[in-house]
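This document starts with one chain, in the form predicted on its own, laid out as structure tokens.
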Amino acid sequence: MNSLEGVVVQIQGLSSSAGDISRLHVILKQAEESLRSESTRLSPILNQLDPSNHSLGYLYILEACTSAPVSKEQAATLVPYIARFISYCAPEQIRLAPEKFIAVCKRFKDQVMLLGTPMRGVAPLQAAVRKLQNSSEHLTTLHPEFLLLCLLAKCYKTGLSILEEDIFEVDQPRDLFLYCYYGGMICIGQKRFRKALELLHNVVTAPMSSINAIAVEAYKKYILVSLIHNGQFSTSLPKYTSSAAQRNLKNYCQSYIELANSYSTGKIAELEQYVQTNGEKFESDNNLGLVKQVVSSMYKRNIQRLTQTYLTLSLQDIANTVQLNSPKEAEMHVLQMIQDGEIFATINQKDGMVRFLEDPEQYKSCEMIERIDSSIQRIMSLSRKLTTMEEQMSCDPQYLAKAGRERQRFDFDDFDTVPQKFNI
């Protein structure tokens, strides 16, 4: 019996109990180099193993199989094996070697991209994220890989399912940057600009010792989404933003800041001229589509301003004021805004008059009360979670050591000998 066959026998015989699996793990670690040296012979062996019962051994074999660069033909063979393994593997076994599992999943992502079929990787990587997570609050290294495939496959709704979860535990800072950046792009694809703004804001304001490319690209999109969603943009960032971001981000995004300045004038012709002049720059950044949405949003903002001044206005007057080509185009914009809940109005088709109305929501319906109560419960839960995290951090030895090193060398006890001028 050669060493390779011996490993297979060990995998088959030591995968039934926790004690056996621990022994198998030791054996597999010792056999790791020999498995890699036999990587070209390992694929057929996978047929002798059950991914659900022999998960740890199957993982080591798969990792060795994919350790070397693979051709398109080899990827076509390996992808079904890896997809099946991810779907059926036992979480308690693969968590014994998380770095191996992550490596296999990342190579799987690369292989489906090599084959030009990112859709094939979406469901398996979603399952991989769930199996690697300790809880739904845990951000794994596989989250960004999954969201990237969702973007490439245009499976935005699938990506949204994972973005709704609150994250409190992060493995690596880079994972958070990519998770929020890709997540922001998915929300943009679904026109969920409020959530996109939140995620991109997290990238821009996250702690960083030096500026990075992810933060720069996120800031560009943050500016554009701010204009689309809020109709304005402010260059001032929160106080907790890193000094590196506050100093450098604007320098890398000057054309986008100038676009925001042009937008703030409310003059559509000037904005369109600026976009036309800098079109190549926006296109090279892959942001031209988003920039066009910014231009389109200006028409909406100008229509919204009219609702603050007029109770009734003709479609022709709206078209003239907002600089649209025809009353029909004005009607289409108004109808879309009514449908999206951005304005409240009625259109009289006979005389082409638009009547602007007040918000009909009285905030006293059962549905609205349930929504408000749900939001209150969520905020209370978040508050409890933050309190728990603060208590844990205040007892963390690493945090206390760092805080102690940075603490000033004096405290109030040093001033006991200073006379008190005032007695209260």
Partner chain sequence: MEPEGSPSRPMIDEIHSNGGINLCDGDGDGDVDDEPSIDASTTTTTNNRRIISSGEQLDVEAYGGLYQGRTKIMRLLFIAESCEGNPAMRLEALRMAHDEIKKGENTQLYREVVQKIDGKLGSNYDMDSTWCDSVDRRADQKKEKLENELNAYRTNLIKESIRMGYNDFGDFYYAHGALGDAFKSYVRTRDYCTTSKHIIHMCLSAILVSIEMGQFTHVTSYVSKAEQSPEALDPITAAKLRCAAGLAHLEAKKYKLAARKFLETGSELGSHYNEVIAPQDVATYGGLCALASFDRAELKSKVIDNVNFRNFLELVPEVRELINDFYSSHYASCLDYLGNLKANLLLDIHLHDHVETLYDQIRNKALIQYTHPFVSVDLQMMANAFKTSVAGLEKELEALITDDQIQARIDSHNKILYARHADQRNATFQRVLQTGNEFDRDVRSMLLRANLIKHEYNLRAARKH
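Under this definition, the rigid core comprises the largest set of C-alpha atoms superposing within 1.5 Å between the forms. Numbering follows the first chain given and starts at 1. Bear in mind the structure is a predicted one, so any value in this text is a computation, not a measurement.
This next part talks about the form predicted together with its partner chain, which is not shown.
- When contacts are judged by a 4.5 Å heavy atom cut-off, residue 213 does not count as touching its partner chain in the predicted bound form.
- Proximity of residue 309 to its partner chain in the predicted bound form falls within the 4.5 Å heavy atom cutoff.
- Heavy atoms of residue 166 reach within 4.5 Å of its partner chain in the predicted bound form, making it an interface residue.
- The closest non-hydrogen atom of residue 389 lies within 4.5 Å of its partner chain in the predicted bound form.
- Checked against its partner chain in the predicted bound form, the candidates 257, 151, 337, 170 yield a single residue with a heavy atom inside 4.5 Å, and that residue is 170.
- Interface residue among 102, 353, 237, 123 relative to its partner chain in the predicted bound form, by the heavy atom within 4.5 Å criterion: 353.
- Every member of the trio 361, 364 and 385 reaches its partner chain in the predicted bound form with some non-hydrogen atom inside 4.5 Å.
- Only one segment in the set 213 to 221, 91 to 99, 247 to 255, 172 to 180 has residues whose heavy atoms sit within 4.5 Å of its partner chain in the predicted bound form; it is 172 to 180.
- Of the residues in 255 to 274, none comes within 4.5 Å of its partner chain in the predicted bound form through any heavy atom.
- The Cα shift for residue 398 between the shown form and the other one, taken after rigid core superposition, is 2 angstroms or larger.
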